[in-house]
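Take a look at this single chain, the form predicted alone, given in structure tokens.
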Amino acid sequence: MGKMLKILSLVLVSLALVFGTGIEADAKKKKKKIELTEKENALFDKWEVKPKKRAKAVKDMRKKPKFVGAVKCNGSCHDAYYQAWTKSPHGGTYNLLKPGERKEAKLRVKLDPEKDYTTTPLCLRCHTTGYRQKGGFKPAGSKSKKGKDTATKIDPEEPNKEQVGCEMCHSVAGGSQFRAVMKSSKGNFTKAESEPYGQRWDYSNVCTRCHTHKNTPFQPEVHDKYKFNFEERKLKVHKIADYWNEDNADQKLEKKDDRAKEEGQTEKTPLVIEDFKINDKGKLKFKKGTKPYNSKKKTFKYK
């Protein structure tokens, strides 16, 4: 009899644990339910997003911004732009850090043309996408605290974070958030609607992040070719005319001309440009107060 009672007790305890866990799991699921703000619903109404798709979209829009890479911009969205970019100077910046590349230019600024600079912090800041930032490029030899290899995988056939990609010019701290805006709106968004999610429009300003930074060895006083003219340089970035075809013709930006007539907040009051230094350990550190976006406070810092 005593044994039977013990067995019965164990069964009851087991059932309580199982059903109790189920109740807790259900409670957690209910807690995770996303409530949209009036502003978010208004945007989705305008973009004609179906109610069932709004929770997923807004979840992505609320996440902390991070770099996702140029490959994410390709495919069903910006194929012609991606293909043109791969043939542009920005699409081959990482390759210039390899031994034997750009010999004359390196000698001109007293760099060793036979040295491998693909892991040099000072170079990676401006030759890759999002280096030392969330989701950004990580060079060979990068490891987690547990010793796991975290280096960015490089595919020679598909340029990505190892080059200066879309996000280095178009985003404040990576394109993960405004990518969700683009997908939800199907391109029918205004500058004012995309800026709160990390898209920037102060292009002539953001180019100074690298081209005229005091730490670059390629200064105008070294050679006239290093004088930076934004209007001239931007013509070399997106030579898309030759990359439209039957497969991507439906990706042409219908609202591009309309947005060109708008003036975004980042154009009126350009964002600050990150400044950095190389510390005693040889690591690149951003100087306090120079980042254009504060991820903790979710605020932007303008000039």
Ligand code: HEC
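Quick caveat: nothing in here was measured; it's all calculated off a predicted structure. All residue numbers refer to positions in the sequence shown, first residue = 1.
As for the form predicted together with this ligand, it is not shown, yet the points below apply to it.
Participant: Three residues, Lys153, Ala192 and Lys297; all within 4.5 Å of this ligand in the model of the complex via heavy atoms?
Facilitator: The answer is no: none of the three residues contacts the partner (heavy atom, 4.5 Å cut-off).
Participant: Looking at Ala42, Ala55, Leu253, Ala249 here, can you tell me which has any non-hydrogen atom within 4.5 angstroms of this ligand in the model of the complex?
Facilitator: Only one option qualifies, and that one is Leu253.
Participant: Is Leu96 close to this ligand in the model of the complex, meaning a heavy atom pair under 4.5 Å apart or at it?
Facilitator: The answer is yes: Leu96 has a heavy atom within 4.5 Å of this ligand.
Participant: Evaluate Lys66 for contact with this ligand in the model of the complex, applying a 4.5 angstroms cut-off between non-hydrogen atoms, and reply yes or no.
Facilitator: Contact with this ligand, no.
Participant: With the cut-off set at 4.5 Å between non-hydrogen atoms, does Val49 touch this ligand in the model of the complex?
Facilitator: Judged by the heavy-atom cut-off of 4.5 Å, Val49 is well away from this ligand in the model of the complex.
Participant: Would Asn215 count as a contact of this ligand in the model of the complex, using a 4.5 angstroms cut-off between non-hydrogen atoms?
Facilitator: Asn215: contacts this ligand in the model of the complex.
Participant: Relative to this ligand in the model of the complex, which residues of 193-218 have a heavy atom no more than 4.5 Å away?
Facilitator: Result: Trp201, Tyr203, Val206, Cys207, Arg209, Cys210, His211, His213, Asn215, Thr216, Pro217, Phe218.
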